[in-house]
Ligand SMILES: NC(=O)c1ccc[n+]([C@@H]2O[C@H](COP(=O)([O-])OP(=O)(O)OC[C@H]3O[C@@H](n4cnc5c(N)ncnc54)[C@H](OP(=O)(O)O)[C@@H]3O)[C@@H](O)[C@H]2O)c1
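Only one chain is included here, represented as structure tokens and corresponding to the form predicted on its own.
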């Protein structure tokens, strides 16, 4: 038998990270509670309190979130309800039952026109509603839950749902042209690599803020899309360069949100694979 994780409650369980956490966890060592929006609304404090009081998890992993950047801009209230109010409710109940909460956050809490990496000690400065709402969620977690872990990642992809990587695979595989931003930069990170580190951080009862992204430096959306086309054996010219503002009119480029896994290195913890290795593994798995 391995480490006894006790009772873990995963919200947003049908998403790419929630699903991968279940696949990786040794179910002999954990009693797992999984909920998604159809089962439980994390924006409803009463629902959250009743579920937590009945099941009393010792760890809450919040994978739920409204991640569509354009949808967040169009529906600000919904963005803050899901990305801020939800974590507030979960944090309040975590304090009540003496549980640890793990909040998944994003590189979008940063924004910069300079090509530099942000570590866990840098001050966030989000410009999008998505980034602002996720930062608000982080702040509620820090303020309300004595035992908390905030994990920021970037450009997370997996089998579940439509994300940038899946979108490019779908379009390029069909021989369709697709536009991708040349002036938006971050680090692509697979849900599998992210989930591996999340589980280790839970096992070691880490707290605070950790950045968890794949190694190998950053790339633009355009470079990532061309790499996907290359790995699929497709014509890279199917990927058409575009400016960020053309694709998302409310956003100006260049935008660099490169996360540095400083805490992982300082704590001498294993880093994820390179983003190209993780991407190749993902494509091989789904094809």
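Positions refer to the first chain, counted from 1. Quantities reported herein were computed from a predicted structural model and do not represent experimental measurements.
This next part talks about the form predicted in complex with the ligand, which is not shown.
Looking at the ligand in the predicted bound form, residues 40, 43 and 130 each place a heavy atom within 4.5 Å of it. The ligand in the predicted bound form comes within 4.5 Å of no heavy atom belonging to residue 34. For residue 210, no non-hydrogen atom is located within 4.5 Å of the ligand in the predicted bound form, even though that partner is not displayed. Put simply, residue 15 is close to the ligand in the predicted bound form: some heavy atom of it is within 4.5 Å. Using a 4.5 Å cutoff between non-hydrogen atoms, residue 156 counts as a contact of the ligand in the predicted bound form. Stretch 62-70 is the answer when you ask which of 248-256, 235-243, 22-30, 62-70 has residues with heavy atoms within 4.5 Å of the ligand in the predicted bound form. When you look in the predicted bound form, the only residue of 168, 109, 82, 93 with a non-hydrogen atom within 4.5 Å of the ligand is 82.
Contact with the ligand in the predicted bound form, judged by any heavy atom within 4.5 Å, is made by just one of 141, 180, 186, 104: 104.
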